[in-house]
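Single chain ahead, by itself, as structure tokens, in the form predicted alone.
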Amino acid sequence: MAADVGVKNKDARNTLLGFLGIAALVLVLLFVQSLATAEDPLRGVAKFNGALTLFAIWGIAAVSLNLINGTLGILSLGHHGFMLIGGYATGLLILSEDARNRILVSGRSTMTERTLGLSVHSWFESLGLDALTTDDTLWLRYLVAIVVGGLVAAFAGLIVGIPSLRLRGDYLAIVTFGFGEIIRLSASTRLFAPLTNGALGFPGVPQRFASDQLLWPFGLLALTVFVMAKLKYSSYGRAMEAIREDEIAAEAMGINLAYHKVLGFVIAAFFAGVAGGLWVSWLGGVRLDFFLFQLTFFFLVAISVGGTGSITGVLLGTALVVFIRQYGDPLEQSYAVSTWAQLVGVVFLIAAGAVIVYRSARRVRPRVHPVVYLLGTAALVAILLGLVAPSFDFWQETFRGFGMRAIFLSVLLIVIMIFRPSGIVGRSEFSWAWVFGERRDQPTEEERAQDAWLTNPELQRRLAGDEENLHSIDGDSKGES
């Protein structure tokens, strides 16, 4: 009885702390947004505001991709295709009237009056809901548009999920990559050009819901995390994790492989479509080059670096990727070759030190891995060359590091895969019990509701009776001896 009371008190404490944390986050977001929209904003606040928005949008996409790659254990490489579908659908449905008129009179446009008439605004007018067609109710029309975009992307996820019933491993990864590229390239063909305006795309998507406001993207990110967390710890999530570990064993236990695989693709595609709708609102328009495979690459790096299968790890990895993308400008500037050599040496030293610290914290032997000696030697050579060889003309030539941010992320991914294949946090999740250093020794109420033996009184009585019999047998044997 005392244990149950203690568990309930801890649950109440965790709930209260969760609400306080959310309230504090909302206040911080409102404060940052007020600074960014001020007449004389502080230096760097607007860029920080953009980094927060990008983190929220990419966080939605990465967390949804983690459902397929981390929970189901299926390597999906076509998430940018789902985002493209959701982005185009949302952008077309919420496009401003001025933008529609400009596209219609443009000589280069391939969109027709019929396709440009597809909008939430016209839907509400046809239903006689004129009160919902004003500028003050634009938020409601955008919400409807983003939900429709997510549903259209979910239908595409259903189509992609069907091949997963027969394909596995690399073959399925190729199918998902092919789907993403087919969708992206098909958007510029004559068949879909009336809806997408071909390779030109269309501007005029309202930016107030992503670029000008932080609560929209973070609110949808919170909803995504909530749904994915509930799904992960539900019977469906456990079934998906069983499929990830061993499909044959999961099927032998009675898990419907086809149903859970397709379900995972549909849910992940829906939230990817939502992320696509926020993405086009942040950019202010829709174009094909907004949805390159590079997007999926960023999400894969975030998942792999943070922790495959962990929502906490995915958000941590997304924050790292967004930070490098937004604040990695110095990596792509022009420097002398000798300076580049010194920078590479410093990076190697940091990597070697990180490996030593990690192996020491995890008590892995040997503490100094042979690769550390290799990294240290290469770092010292690079630094010495950068310091003592500037007299050579070659070392004074300048070199601009185009694409160094992507290269840095690639190197980071390689290092993580070598020394920490499961990611920074592995499959662990943040919890208040972890903050207070508590170890959970009792199942949660949700686990009790899911596991029949925990809530079956008859089975518990049998187990208790068997345990008493074992104790009596053990006592008799000791008495005889």
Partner chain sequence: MSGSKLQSAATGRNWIPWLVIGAILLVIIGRILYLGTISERFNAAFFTRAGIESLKLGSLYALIALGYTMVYGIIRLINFAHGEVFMVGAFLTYFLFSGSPYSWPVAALYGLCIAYGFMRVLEFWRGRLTDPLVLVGGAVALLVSTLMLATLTVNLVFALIFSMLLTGVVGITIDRVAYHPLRTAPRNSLLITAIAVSFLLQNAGLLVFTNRQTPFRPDTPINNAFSFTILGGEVRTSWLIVAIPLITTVLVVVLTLFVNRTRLGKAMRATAQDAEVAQMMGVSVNRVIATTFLLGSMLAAAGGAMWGLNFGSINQPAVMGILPGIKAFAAAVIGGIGSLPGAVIGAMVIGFSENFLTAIFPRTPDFRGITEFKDTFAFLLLIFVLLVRPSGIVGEDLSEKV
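Model, not experiment: these values are computed from the prediction. Positions refer to the first chain, counted from 1. Here the rigid core means the biggest group of C-alpha atoms that line up within 1.5 Å when the two forms are laid on top of each other.
The form predicted together with its partner chain is left out here; the points below concern that form.
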Of the options A336, L140, I356, I182, which one has a non-hydrogen atom that comes within 4.5 Å of its partner chain in the predicted complex? I182
P206, P203, G386, G73 - the one with a heavy atom within 4.5 Å of its partner chain in the predicted complex: G73
Going by a heavy atom distance of 4.5 Å, is V372 a contact of its partner chain in the predicted complex? no
Can any non-hydrogen atom of V346 be found within 4.5 angstroms of its partner chain in the predicted complex? no
Any non-hydrogen atom of M417 within 4.5 angstroms of its partner chain in the predicted complex: yes
According to a 4.5 angstroms non-hydrogen atom cut-off, is R190 in contact with its partner chain in the predicted complex? yes
Judged by heavy atoms and a 4.5 Å cut-off, are G178, S186 and F399 together in contact with its partner chain in the predicted complex? yes
Looking at 298 to 306, 96 to 104, 150 to 158, 280 to 288, which one sits within 4.5 Å of its partner chain in the predicted complex if you count heavy atoms only? 298 to 306
Taking its partner chain in the predicted complex and a 4.5 Å non-hydrogen atom cutoff, the residues of 159 to 183 making contact are P163, R166, L167, D170, Y171, A173, I174, V175, F177, G178, F179, E181, I182
Does V344 count as moved between this form and the one not shown, where moved means a C-alpha shift of 2 angstroms or more after fitting the rigid core? yes
Superposing on the rigid core, does the Cα of F226 end up 2 Å or more away between this form and the one not shown? no
Relative to the superposed rigid core, does the CA atom of Y335 travel 2 Å or more between this form and the one not shown? yes
